[in-house]
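Heads up, the chain below is alone and in the form predicted on its own; it's given as structure tokens.
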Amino acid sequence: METKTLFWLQSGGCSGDSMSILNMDEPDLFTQFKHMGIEVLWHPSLSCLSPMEQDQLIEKILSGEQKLDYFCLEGNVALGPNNSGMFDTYRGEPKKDLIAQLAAKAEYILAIGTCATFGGMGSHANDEMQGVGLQFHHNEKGGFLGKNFRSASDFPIINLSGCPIHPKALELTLNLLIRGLPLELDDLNRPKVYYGISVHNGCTRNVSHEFKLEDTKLGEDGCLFFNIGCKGPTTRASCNKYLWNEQSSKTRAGVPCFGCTRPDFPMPEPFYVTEKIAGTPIELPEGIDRAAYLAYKDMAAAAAPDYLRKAHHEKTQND
């Protein structure tokens, strides 16, 4: 297998995505890269190059002397203050300029995490940081590089959203690219292999959702969607298919999904509150007709099996 090169740049973010991929196991990150035939030219937390050596490496990439197969950006592109880009610099110059130069040389570009994909933290209207994603600003295509930008392989930016990214999303995507297999993207440029289902798929509380057995506070065992802000049915990700640390997920642990892979993350409303109208969540699962959903849920609640209703009642009473 031909060796592929990877350059990972940190921009406007918290390094949470880097910390997340270090939890990759079976095999671990370093073994995984070895099996894939990936040479990591630079990673801010894993590389040992001196500043001078890093500068020389970047010059080689920009001159074409060093090939660049995968350019990974973690964190959003800071345009502030006042479009100067000086909130995030590299050697005294706006880092956004370096990002654009490296993007022009890469065969594939991967936006790592929700900040790099959609803007994330520091990207809302009143944020002086003026953060944007590489090819999206929230759910609008455009972002820093523009809606028509294509990498050297004639591919759009590959968005791997998440706060942080799930290690499996990176692993699955790189494996498809390296093996030359089809990589299908959704309407937000995310690989369908990971973002093709909702967090609701595989949730261990699905039966409670189907029969509208609703939690009213944390620590109960019913559905978290109706009252406690869970965005699992409205968020596309495989958190309940590929468990975190191969062990669990937010909803399995009784914590509502925060919708961290969505383009509008972080949302303005509190995490643990479900916004409602007439007693029903304002935002319903994708593709659901509101009238049909309300009728179905009312019937489902009335048809809940006695053992489920009793177990839920006893749990809420004990709490």
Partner chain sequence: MTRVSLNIPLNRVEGDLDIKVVLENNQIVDAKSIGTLYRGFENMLTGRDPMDALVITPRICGICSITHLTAAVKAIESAANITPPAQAVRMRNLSLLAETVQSDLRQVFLMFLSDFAQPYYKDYDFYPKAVELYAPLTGKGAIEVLRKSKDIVKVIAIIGGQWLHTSHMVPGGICTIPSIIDMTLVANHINNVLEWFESEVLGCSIEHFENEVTTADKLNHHVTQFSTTHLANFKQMCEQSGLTEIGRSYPNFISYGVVDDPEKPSQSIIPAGVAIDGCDVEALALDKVGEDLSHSWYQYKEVVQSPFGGTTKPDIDAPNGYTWAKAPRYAGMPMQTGPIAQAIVNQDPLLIDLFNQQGDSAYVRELARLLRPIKHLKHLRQQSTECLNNFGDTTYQQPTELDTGNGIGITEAARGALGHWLEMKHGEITNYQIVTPTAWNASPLDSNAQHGPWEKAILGLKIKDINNPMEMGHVIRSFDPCLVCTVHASGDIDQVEKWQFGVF
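The shown structure was predicted, so the numbers you read here are calculated from the model rather than taken from an experiment. Positions refer to the first chain, counted from 1.
The form predicted together with its partner chain is left out here; the points below concern that form.
**Student:** Among 148-156, 135-143, 181-189, 89-97, which stretch has residues with heavy atoms no more than 4.5 Å from its partner chain in the predicted bound form?
**Tutor:** That would be stretch 89-97.
**Student:** Decide if the three candidate residues Leu68, Tyr195 and Pro263 all line its partner chain in the predicted bound form, where lining means a heavy atom within 4.5 Å.
**Tutor:** No, the whole trio is out of contact, none within 4.5 Å by any heavy atom.
**Student:** With the cut-off set at 4.5 Å between non-hydrogen atoms, does Met129 touch its partner chain in the predicted bound form?
**Tutor:** Within the cut-off, so yes.
**Student:** Can you work out whether His209 and its partner chain are in contact in the predicted bound form, taking contact to mean some heavy atom pair no more than 4.5 Å apart?
**Tutor:** Judged by the heavy-atom cut-off of 4.5 Å, His209 is well away from its partner chain in the predicted bound form.
**Student:** Just to confirm, Met299 within 4.5 Å of its partner chain in the predicted bound form by heavy atoms?
**Tutor:** Close contact is absent here: in the predicted bound form, Met299 is far from its partner chain, nothing within 4.5 Å, heavy atoms only.
**Student:** Can any non-hydrogen atom of Met52 be found within 4.5 angstroms of its partner chain in the predicted bound form?
**Tutor:** Contact check for Met52: yes, within 4.5 Å of its partner chain in the predicted bound form.
**Student:** Select from the listed residues Asn175, Thr234, Thr204, Ser248 the one whose heavy atoms reach within 4.5 Å of its partner chain in the predicted bound form.
**Tutor:** After the contact test, the surviving option is Ser248.
**Student:** Counting only heavy atoms, which residues in 251-280 are within 4.5 Å of its partner chain in the predicted bound form?
**Tutor:** In sequence order, Ala253, Gly254, Val255, Phe258, Cys260, Phe265, Pro266, Met267, Pro268, Glu269, Pro270, Phe271, Tyr272 come within 4.5 Å of the partner.
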